Ligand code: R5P
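Take a look at this one chain, the form predicted alone, written out in structure tokens.
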Amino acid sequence: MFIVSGSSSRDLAKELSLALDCPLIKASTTRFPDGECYTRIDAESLEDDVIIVQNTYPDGNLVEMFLLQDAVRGLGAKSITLVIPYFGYARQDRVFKPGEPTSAKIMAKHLDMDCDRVITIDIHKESVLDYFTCPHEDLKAAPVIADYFRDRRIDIVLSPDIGAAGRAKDVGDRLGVPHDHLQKTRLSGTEVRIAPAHFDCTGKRVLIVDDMISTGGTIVAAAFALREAGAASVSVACTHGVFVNNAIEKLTSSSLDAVLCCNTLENEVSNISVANLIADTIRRG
């Protein structure tokens, strides 16, 4: 078995190769002056099962994935498993307005043209994977997030809204602490209260968990409100740290005591690894 690392997931691919005790091959990817992608795998042959680790976000990484699939197959791969830590375009999983494409379906169908198995992490909608004809599985990051915080004395786990309450329950159950979701209550035309729907957070060490943080605005507001309400500390952990528009700076300079994400997208706070989670799944076959 070989691990081929695309340019978007170097550290995760390295960890995965160590966990599986198999060779790691880093693809050399550059850009031509006109912006087109060039990639090359420095190997004579790959006549074995091959795992490509590469995100499909942003667009350039998606094109790189297509090229890696073709290169790996051309080197004789017996099977190709795509490990897509962060699946781009998964949020556009249906037509919201006339004239829109079903972007998630289109991306899945193109990736499906040359792969034998697909593994994702906390994809926005699992139903997107049904567009693949090959075996597919979406892994949940809740176990590794819970493991990371197991000895960090968390009293309650919250989700930003009721829609993500299942994730907070999963992490809370694993830590043996209560879970709840944040609820906005409009107090007046200009004032909104953000607080746990059922539990009092006074004196509590709070962990907010979510699948993705983009701008971070909601989390910053929630952390401020929780601290104002008497929380002893507020930390946040997400699976995918997209972090656009200086979001990390906004989050780390806010009322939050800790900002963490998984290494599905690699950045300065991606300290929670999903490598063993992926390795265990691959070993099971």
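Counting begins at 1, following the sequence as shown. What you are looking at is a predicted structure, and each value in this text was computed from that prediction instead of being measured.
The following text describes the form predicted together with this ligand, which does not appear among the structures shown.
Chemist: Please pick out the stretch from 204-212, 139-147, 171-179, 102-110 that is in contact with this ligand in the model of the complex, where contact means heavy atoms within 4.5 Å.
Modeler: Careful reading of the contacts points to 204-212.
Chemist: Can you work out which of 73, 91, 152, 184 has a heavy atom no more than 4.5 Å from this ligand in the model of the complex?
Modeler: Selected option: 91.
Chemist: Can you work out whether residue 218 and this ligand are in contact in the model of the complex, taking contact to mean some heavy atom pair no more than 4.5 Å apart?
Modeler: Looking in the model of the complex, residue contacts with this ligand include residue 218, since a heavy atom lies within 4.5 Å.
Chemist: Contact with this ligand in the model of the complex for residue 117, defined as at least one heavy atom pair within 4.5 Å: yes or no?
Modeler: Residue 117 lies outside the contact set for this ligand.
Chemist: Are there residues in 247-285 with a heavy atom within 4.5 Å of this ligand in the model of the complex, and which are they, in order?
Modeler: If the 4.5 Å heavy-atom criterion is applied to this ligand in the model of the complex, 247-285 yields nothing.
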